[in-house]
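Given as structure tokens, the chain that follows is alone and in the form predicted on its own.
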Amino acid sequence: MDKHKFLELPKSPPVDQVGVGDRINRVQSRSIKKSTKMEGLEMVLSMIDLTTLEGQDTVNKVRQLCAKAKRLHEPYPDLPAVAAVCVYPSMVAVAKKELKNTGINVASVATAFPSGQTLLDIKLDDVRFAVDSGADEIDMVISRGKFLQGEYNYVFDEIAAVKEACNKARLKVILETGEIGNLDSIRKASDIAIYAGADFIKTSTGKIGKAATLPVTCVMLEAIRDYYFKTGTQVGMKPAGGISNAKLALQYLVLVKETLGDAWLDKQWFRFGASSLANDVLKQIAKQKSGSYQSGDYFSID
């Protein structure tokens, strides 16, 4: 692979943890007007990546998830569709067929998800297989072991190689923030991923207890902001895991707007990795439209 010059990566600034905490407290205390809330709920729905990433995944399970993605907004046809369906590489072709002509992307995890513990050549074969099968997006995991050993050049070059293997597919780089340490480490990992060519940076695999949080997302958004100010290039953000209700999702949107601006309030640049979130968003939309909550029985189970 073409080696990237790691010296191009600037030194990551220290994170003001008290300042981050104050920002999150202000975000969480905001009240949102009804008209703005409805706009935000529809935006959240359009940004969700419905996901099934289990050892017990079958062709029929993937088909059912794709059917849910296509029919999720049927009660209200004016609502947007979800952004993508995310599956393992072996299920990409199935999802691609089911979602044909829907405008819903097929995303695939790769690079020995969720551990990342295998050889680079195997990771690249994993990516190429997913792309050749029709994946529009690749969600890779970084080598956290290498990062924790301080082998930052290795992590950088690996991401760059995966980006090259993605061809035209967009690359989301999963940091697994619950494993790589404090906010300073998360900022450093974010910078490495961004400068190595990530189209998105993503918090978590959803496979460990520590998933997305507002403080972690704030630090990652600030890395994206600083890169944009320096280069004029947008990079997307995807918090994943632990975001199960609409109220919390709207707080994430407030944080994005205040840190990056309106240009990032679009599924091209912001996603939620949270399948269970979709049902709560639909319940809240129904409440806004009808004035009363509907039973969970009215919405399909993941």
Partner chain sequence: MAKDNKKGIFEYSAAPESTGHISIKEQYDLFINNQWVKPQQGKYFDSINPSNENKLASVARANDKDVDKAVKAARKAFPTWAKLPAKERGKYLYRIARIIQEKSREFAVIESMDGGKPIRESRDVDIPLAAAHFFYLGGWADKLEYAFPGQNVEPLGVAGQIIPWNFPLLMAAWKLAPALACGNTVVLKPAETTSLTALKLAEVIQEAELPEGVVNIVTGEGDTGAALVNHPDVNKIAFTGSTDVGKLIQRSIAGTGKKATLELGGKAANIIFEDAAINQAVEGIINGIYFNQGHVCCAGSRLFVQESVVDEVILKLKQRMGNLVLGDPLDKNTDIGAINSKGQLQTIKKYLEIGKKDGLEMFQPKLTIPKKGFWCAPTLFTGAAQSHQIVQEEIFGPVLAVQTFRTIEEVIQKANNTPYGLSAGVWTDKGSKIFNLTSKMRAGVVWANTYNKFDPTSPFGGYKESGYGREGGVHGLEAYLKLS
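Note that the coordinates shown come from a computational prediction; the quantities given were computed from them, not determined experimentally. Numbering follows the first chain given and starts at 1.
A second form of this protein, the form predicted together with the partner chain, is not displayed here; the remarks below concern that form.
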Is there a heavy atom of Asp57 no more than 4.5 Å from a heavy atom of the partner chain in the predicted bound form?
no
Contact with the partner chain in the predicted bound form for Asp226, defined as at least one heavy atom pair within 4.5 Å: yes or no?
yes
At 4.5 Å between heavy atoms, is Asn245 in contact with the partner chain in the predicted bound form?
no
Contact of Lys283 with the partner chain in the predicted bound form (heavy atom, 4.5 Å)
no
Please pick out the stretch from 273 to 281, 48 to 56, 246 to 254, 61 to 69 that is in contact with the partner chain in the predicted bound form, where contact means heavy atoms within 4.5 Å.
246 to 254
Sequence-ordered residues of 29 to 52 touching the partner chain in the predicted bound form, heavy atom within 4.5 Å
Ser29, Arg30, Ser31, Ile32, Lys33, Lys34, Ser35, Thr36, Glu39, Gly40, Met43
